[in-house]
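Here's a solo chain for you in structure tokens, the form predicted on its own.
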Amino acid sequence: MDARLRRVNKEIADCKNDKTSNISLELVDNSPFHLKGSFPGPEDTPYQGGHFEVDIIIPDSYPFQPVKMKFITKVYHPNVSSASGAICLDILKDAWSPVLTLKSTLISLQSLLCSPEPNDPQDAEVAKHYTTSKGSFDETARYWTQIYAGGPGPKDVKESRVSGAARDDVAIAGLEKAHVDQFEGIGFPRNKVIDVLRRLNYRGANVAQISEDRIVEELLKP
């Protein structure tokens, strides 16, 4: 058995035997070098009550090269791509050390959910939302946790997630329904309105800084 396989097997066993961290690891397609990690959302955050899964690839030179991780569960967070699940975290890049383990790295991801770093974002649009309208950001992150990570929420939200019914695309984008209705009401397609308002960060105090003419100008672009 080579050193990499020995190390990974030990880490999987250690994680299984640790009943306090709530971090779990399981094999994907029976490969010890392709794993799925999971952990609960941290308390007192918009992610509380959610269950978050992470795709893990063990490189050939592990542990001397960092593992590759990305979120499987969709997460609304400045340091996680809302499209691909890619993660911006120093220990997954140049701050990696061979003393780090799969479990400690997943715990660091859990901590990242507690303490976003909007000045070093993976998702610039989400980072703008976080820095300009924290209350609205928290609501959106909480909604994503409800519909994508099984977090607690209103009964109708859970039923929508379970039944596969249409999700609230305005809430997913972190926008106000009244703002979307306003521009949809003058004839612009709903999806385009949502896309433009999200890109312009038309939220919270920012609304007063962006003229309606500017929005219409963006909506008229092909």
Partner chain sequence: MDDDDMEMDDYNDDFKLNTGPKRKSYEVDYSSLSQTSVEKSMREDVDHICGILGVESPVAALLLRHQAWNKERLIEKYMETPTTVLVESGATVPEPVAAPTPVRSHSVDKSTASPSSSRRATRSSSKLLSSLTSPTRLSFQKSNSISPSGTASPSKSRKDTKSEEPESFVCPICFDDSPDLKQLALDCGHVACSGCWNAYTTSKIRDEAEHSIRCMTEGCALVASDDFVRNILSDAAPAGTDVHENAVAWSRFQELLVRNFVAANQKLKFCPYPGCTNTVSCPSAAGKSVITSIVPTVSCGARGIPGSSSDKAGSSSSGVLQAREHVFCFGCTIESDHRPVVCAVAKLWLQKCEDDSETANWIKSNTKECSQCQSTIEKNGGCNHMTCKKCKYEFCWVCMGPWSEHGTAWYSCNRYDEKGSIDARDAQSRSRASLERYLHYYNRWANHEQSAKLSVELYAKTEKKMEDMQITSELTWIEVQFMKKAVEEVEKCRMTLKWTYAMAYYLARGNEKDLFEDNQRDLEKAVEDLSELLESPIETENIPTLRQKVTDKTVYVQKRNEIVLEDTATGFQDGRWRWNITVDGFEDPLEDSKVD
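Positions refer to the first chain, counted from 1. None of these values were measured; they are calculated from a predicted model.
The next section is about a form of this same protein that is not shown, the form predicted together with its partner chain.
Participant: To test your reading of this chain, name the stretch in 132 to 140, 118 to 126, 72 to 80, 93 to 101 whose heavy atoms come within 4.5 Å of its partner chain in the predicted complex.
Facilitator: It is the stretch 93 to 101.
Participant: With the partner left out here, check for me: in the predicted complex, does some heavy atom of K10 sit within 4.5 Å of its partner chain?
Facilitator: K10 belongs to the contact set for its partner chain.
Participant: Spell out, yes or no, whether the shortest heavy atom distance between S31 and its partner chain in the predicted complex is within 4.5 Å.
Facilitator: No, S31 sits far enough from its partner chain in the predicted complex that none of its heavy atoms falls within 4.5 Å.
Participant: How about N191 - does it come within 4.5 Å of its partner chain in the predicted complex, if we only consider non-hydrogen atoms?
Facilitator: No - in the predicted complex, heavy atoms of N191 and its partner chain never come within 4.5 Å of each other.
Participant: Would you please decide whether A3 lies within 4.5 angstroms of its partner chain in the predicted complex, comparing each non-hydrogen atom pair?
Facilitator: Residue-level check for A3: yes, a contact with its partner chain.
Participant: Mind listing which residues of 17 to 51 have a heavy atom within 4.5 Å of its partner chain in the predicted complex?
Facilitator: Sequence-ordered list is empty.
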